[in-house]
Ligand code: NIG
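What follows is a single chain, given as structure tokens, in the form predicted on its own.
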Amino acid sequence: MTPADLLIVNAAEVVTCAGFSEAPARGADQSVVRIVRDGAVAIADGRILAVGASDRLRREHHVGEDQIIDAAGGIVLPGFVDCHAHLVFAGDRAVEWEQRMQGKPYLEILREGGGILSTVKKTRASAIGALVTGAVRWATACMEHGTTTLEAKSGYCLNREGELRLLDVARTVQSELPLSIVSTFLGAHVVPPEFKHDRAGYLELLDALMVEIREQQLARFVDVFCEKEAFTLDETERLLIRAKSLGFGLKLHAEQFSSSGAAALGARLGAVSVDHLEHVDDAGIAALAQAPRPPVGVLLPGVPFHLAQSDHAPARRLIDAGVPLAIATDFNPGSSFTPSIPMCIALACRTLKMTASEAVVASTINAAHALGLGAEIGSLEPGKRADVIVCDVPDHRWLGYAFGSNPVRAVVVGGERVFD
């Protein structure tokens, strides 16, 4: 028997989210969390060795007291996977947020040069050292809230040198912190001011940039913001087909402010995820559900909460149709300024009408699939990477029931204690 080098014991619940490594949970399975009560997790060489009853694992694996994490009646679950986040940026948009609270529409602010473009201006002017410092700060905050794998999108420079710099910053964060960073190229965030009257020229620049990014292995995915004031459905299709030909995985910002057809496009092109979906229509839901391997619908409840919007993604209709759902923070300085997956779980239960179990699955194994990593992370099963968190609550439902505080007490990434 392989000896353990770390034991997590005395958990009221070990929430495994097991059984969905090959494909995400969908339909009735969206709520299947598979709990081991009075449980424990044994870890060896950075991998999950065993999951089972606490007394049994303690008998089978004799380790020193310094190799034991006592869950003390809390819950143990897979590390959260934040599969939609904009990590690297400069400045803030507090003034614009206040305008939004007073009723000014987001797209109007964007047309006036605010929104994404205001962050682009600040980020372009920022030194790389300041960008690294900020990204490390926010990635650490994500980790303290239980995130062990974090997506990092570019998209706040929108020129060749700047976009490469943002992806390089994400790589630096990966080297400085123990959590895993998955980078996504979002050069197609909006069209920058210097290309306002030359959209074709900017699309050509994005084509060339994708080649360069692929050669340097700076990003795993390409994302496009398909929306009014951003990119049309035809432009989105062109960019994603090119990205797919280069070997990138595909993601879309889809149906956030209007029903554009982006969800159906994502299903047709084999995207790994379609994100937002606040305005997805019946045809879009059907296209997602009927795809041979449906994209994960990544819902971002922090956005309408932060912007005081009344439109929410139709989670219940999506689940009933058989579309697998994930939850992420959409951490960014404009529309969702939170690093907390626990807060987004609480919001999902209230605003999306998801159960706590559905939200836990959505923020672990399904979120892992939204990054193409379901076989490696997202559940507590022997052989998977030992990304594990301990939450100081007696029942996984408390992750939805409680809100506004951080329940995470201990974080293990790749078998190494990060916080305890």
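Keep in mind that this is a model prediction, so the values were computed, not measured. Start at 1 and count along the sequence shown; that's the residue number.
Absent from the display: the form predicted together with the ligand. The rest refers to it.
The candidate spot formed by Glu151, Phe185 and Lys251 is out of contact with the ligand in the predicted bound form: none of the three has a heavy atom within 4.5 Å.
Among the residues Gly74, Pro339, Pro294, Gly334, the one placing a heavy atom within 4.5 Å of the ligand in the predicted bound form is Gly334. Taking Leu299, Ala219, Val323, Ile116 one by one, only a single residue has any non-hydrogen atom within 4.5 Å of the ligand in the predicted bound form, and it is Ile116.
Proximity of Gln256 to the ligand in the predicted bound form falls within the 4.5 Å heavy atom cutoff.
Although the partner is absent here, Tyr156 lies within 4.5 Å of the ligand in the predicted bound form, judged by heavy atoms. At the 4.5 Å threshold, heavy atoms of Tyr202 stay clear of the ligand in the predicted bound form, well away from it. Contact check for Tyr106: a non-hydrogen atom falls within 4.5 Å of the ligand in the predicted bound form. Remark: of stretches 141-149, 281-289, 85-93, 240-248, the one touching the ligand in the predicted bound form is 85-93 (heavy atom within 4.5 Å). Residues from 186-202 that approach the ligand in the predicted bound form with a non-hydrogen atom within 4.5 Å are limited to His189.
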